[in-house]
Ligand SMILES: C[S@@+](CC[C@H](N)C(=O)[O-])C[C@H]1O[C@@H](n2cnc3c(N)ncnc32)[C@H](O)[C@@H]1O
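Listed next as structure tokens is one chain, alone, in the form predicted on its own.
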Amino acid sequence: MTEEKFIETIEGITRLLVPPESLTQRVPPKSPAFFNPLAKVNRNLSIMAYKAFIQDMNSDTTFADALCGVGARGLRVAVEVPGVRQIYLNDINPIAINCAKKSADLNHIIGLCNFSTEDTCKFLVEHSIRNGERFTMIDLDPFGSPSTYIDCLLRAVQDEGLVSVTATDTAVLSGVHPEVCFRRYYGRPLNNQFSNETAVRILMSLIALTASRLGLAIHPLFVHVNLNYIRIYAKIAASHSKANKVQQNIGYIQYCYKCGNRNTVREIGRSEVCNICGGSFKLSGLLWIEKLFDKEFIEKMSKYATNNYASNRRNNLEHLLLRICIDEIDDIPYYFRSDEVASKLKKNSFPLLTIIDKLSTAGYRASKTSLNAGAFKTDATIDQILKILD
């Protein structure tokens, strides 16, 4: 199939040419070019994030989609994010790039866009050499793990720039293949009730530690998980003094599979015996143990959850997700599922708001979590939770 046989679809307010099979097959094919319609929410949120990020910047901003496929995200940035001076779309597949060019022409943005078919790291690193500047914002959305590209990504972003990173090897990051996770991310995962948050924090730790080696520091802005992907947005700052403090944000989670007890430690070597049931803790990490969200940034994002993405803003999934993030206790690096608690109590599950209210009344911090619709965060321990809800 050539790009002449692609069909048009509309996402946001952007016209995209895509392979017809990508709209009909359960798993979108990589050949002749890749487009995943199920990632629409992912891309909607990215448009909000990019708008929020450049809100207070000058217009001299650039955006790079390093693994662009048919160019859906980069083209949407060109059409839907005012103020971006140049868009760079790169994919090693020439059919995908030719398709992206035709879509750019359809949207009358061909003058904003630059196209290339280079190896990802070559594209990222050599841009600053050729053009004398780094990118303001870079998106990295590979098949599987992004770990191969993190070093190149960080070398290509400007000081005070933004990186957005996707990982789709969620089975690896969530503990199904722990040896592969350690090789790719230098972190041991947990295959348990809150494994997707552990996965997010292992990926964040890899980015932070790689950045520190380059004299850079990261500031997390927003994360989300959906289907089979993890997505991270972080601001990058060139600062040796901040990079030297990276260890303040990195640590471990201890988890007891016997009773469900969990806690955070900054250094290994503490007792591996569970203080509640006497069982043995399993250790997960290195991982990011500090906040995941910049609440002010997410407030800005939520203002862009407009009718471009849903007919009713109050029922807009993206908007509702962002509101949960704003209220979430994100400095606690794990959550508790309501069905997990109910199973231990041998009762029907409590509504989340009831659980949160009871914990708050008892003097504990508690909130919903954006990472699991049926879970809550709290600084209460599992035995305290069970006592309050019994």
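Throughout, we count residues from 1 along the sequence that is shown. Note that the structure is predicted; figures quoted are calculated from it, not measured.
What comes next is about the form predicted in complex with this ligand, which does not appear here.
Segment that reaches this ligand in the predicted complex - one of 191-199, 85-93, 103-111, 292-300, heavy atoms within 4.5 Å
Contact-bearing stretch, as computed: 85-93.
Answer for F34 alone: is it within 4.5 Å of this ligand in the predicted complex, judged on heavy atom distances?
Output for F34 is yes: heavy atoms within 4.5 Å of this ligand.
Close approach of R337 to this ligand in the predicted complex, 4.5 Å, heavy atom
Looking in the predicted complex, residue contacts with this ligand do not include R337, since no heavy atom lies within 4.5 Å.
This ligand contact in the predicted complex: F143, any heavy atom under 4.5 Å:
Within the cut-off, so yes.
Though only this chain appears here, would R73 touch this ligand in the predicted complex if you measure heavy atom gaps against 4.5 Å?
It does: once this ligand is placed as it appears in the predicted complex, R73 has a heavy atom within 4.5 Å of it.
Single option in Y252, Y229, Y255, Y149 placed near this ligand in the predicted complex, where near means a heavy atom within 4.5 Å
Of Y252, Y229, Y255, Y149, the residue with a heavy atom within 4.5 Å of this ligand in the predicted complex is Y149.
Taking this ligand in the predicted complex as the reference, which of D119, E126, E272, E133 has a non-hydrogen atom within 4.5 Å?
Selected residue: D119.
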